[in-house]
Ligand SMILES: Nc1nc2c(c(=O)[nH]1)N[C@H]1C(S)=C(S)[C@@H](COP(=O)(O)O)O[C@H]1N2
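For reference, the chain that follows is the form predicted on its own, supplied as structure tokens.
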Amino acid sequence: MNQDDKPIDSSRRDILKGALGTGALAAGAASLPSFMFPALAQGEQLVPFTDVPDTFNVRPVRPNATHYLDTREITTYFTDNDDFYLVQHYGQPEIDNDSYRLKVTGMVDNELEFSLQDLMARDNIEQQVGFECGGNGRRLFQGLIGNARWRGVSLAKILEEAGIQDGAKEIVFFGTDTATETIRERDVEKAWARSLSVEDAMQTDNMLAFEMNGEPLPHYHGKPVRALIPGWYGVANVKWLNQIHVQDTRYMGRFMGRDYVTLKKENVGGVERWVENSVTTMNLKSSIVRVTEMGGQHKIQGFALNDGTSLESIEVKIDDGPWERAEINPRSTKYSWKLFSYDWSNATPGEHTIVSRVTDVNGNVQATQEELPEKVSYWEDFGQFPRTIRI
């Protein structure tokens, strides 16, 4: 693990966070550590977006409420645990670390049970993973997003230890959070759950995380253990995880079969049909999140996310001008968000429209809104996102 990958202790993080808030680091902005998102330098100012209504604001984290970032105010490469987005549907259960148990059941040769201490004593892995909610998009100015350093254990190694039996098809991840649902006029208690195919679950980067940004996993983020499936939308990262079940049938719970399902029109063998699919891996996406000005020079900044496929480029277009290549923060890793910056010289006074697009090494280009399929939901809003400003 290189120096940049070492967890930041909380006292150091608080010092950096406080310094950014007071401008104490402004004079030395050019020499900030590589994990930092560029801070405003002395005399640098944010240029307001004109597409953001005056009523848009971000509330502090509240119990059982959705929390999102004000992406205009990203100041760190890693999202603070208190700022990382939150979505939950069945509450936020309190779990005692000492009595916590994770079970592996179903079509396995050896059913397993782990305490938190058992998991922490295994070989640990650590990686940078950023992700967004499947419902993130223009309506919240891309605020359901975050990027963090996670520590935990390999999911694949645990499944190998359990021994997946022949004929198994899916692996279901159950959370401790439960709620009563009315299904076919009957009230039933259901746990939050999502499933993966055996092949998807066995990917080597998947992990069970118990640490976030150098701290024990916070309560709101799934304490004490959550699944972390890099490259997938956040819905796959089941929080408050207490059971992993291997089975030979498809899991069709609410959040696989009815919710977090994209309904879109597709050409199926020459026939236009409405097709439903569960939200799974993240689509190729970028977005501009802030513009700054200093001494008449402007800087456009944003992020890109995808399923982990390497990127070829991130580009920015101003009004009807050409696409120009932006600089990608070299701190970026396979599954982290990719922060980018573009120096905009000679900006003229008046209204401007700016937009970004990302291209991966396979030649896939982020779609425009017009190129997206017709769909009836806000899931998977990954089209190019034009922003407007006034210089």
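Start at 1 with the first residue shown and count on from there. Everything numeric in this text was worked out from a predicted model, so none of it was measured.
Below, we turn to the form predicted in complex with this ligand, even though it does not appear here.
Looking at 266 to 274, 287 to 295, 131 to 139, 116 to 124, the stretch with residues near this ligand in the predicted complex, meaning non-hydrogen atoms within 4.5 angstroms, turns out to be 131 to 139.
Only one of Leu311, Met202, Val108, Val87 lies close to this ligand in the predicted complex, with a heavy atom inside 4.5 Å, and it is Val87. Interface residue among Tyr100, Phe78, Tyr260, Phe210 relative to this ligand in the predicted complex, by the heavy atom within 4.5 Å criterion: Tyr260. Using a 4.5 angstroms limit between non-hydrogen atoms, Ile300 is distant from this ligand in the predicted complex.
Mapping the unseen interface onto this chain, Gly234 counts among the residues with a heavy atom inside 4.5 Å of this ligand in the predicted complex.
Taking the partner from the other structure, this ligand in the predicted complex has a heavy atom within 4.5 Å of a heavy atom of Asp177. Interface residue remark: Ile171 is not counted as part of the site for this ligand in the predicted complex, having no heavy atom within 4.5 Å. The candidate spot formed by Trp192, His221 and Lys239 lies fully in contact with this ligand in the predicted complex, as each residue has a heavy atom within 4.5 Å of it.
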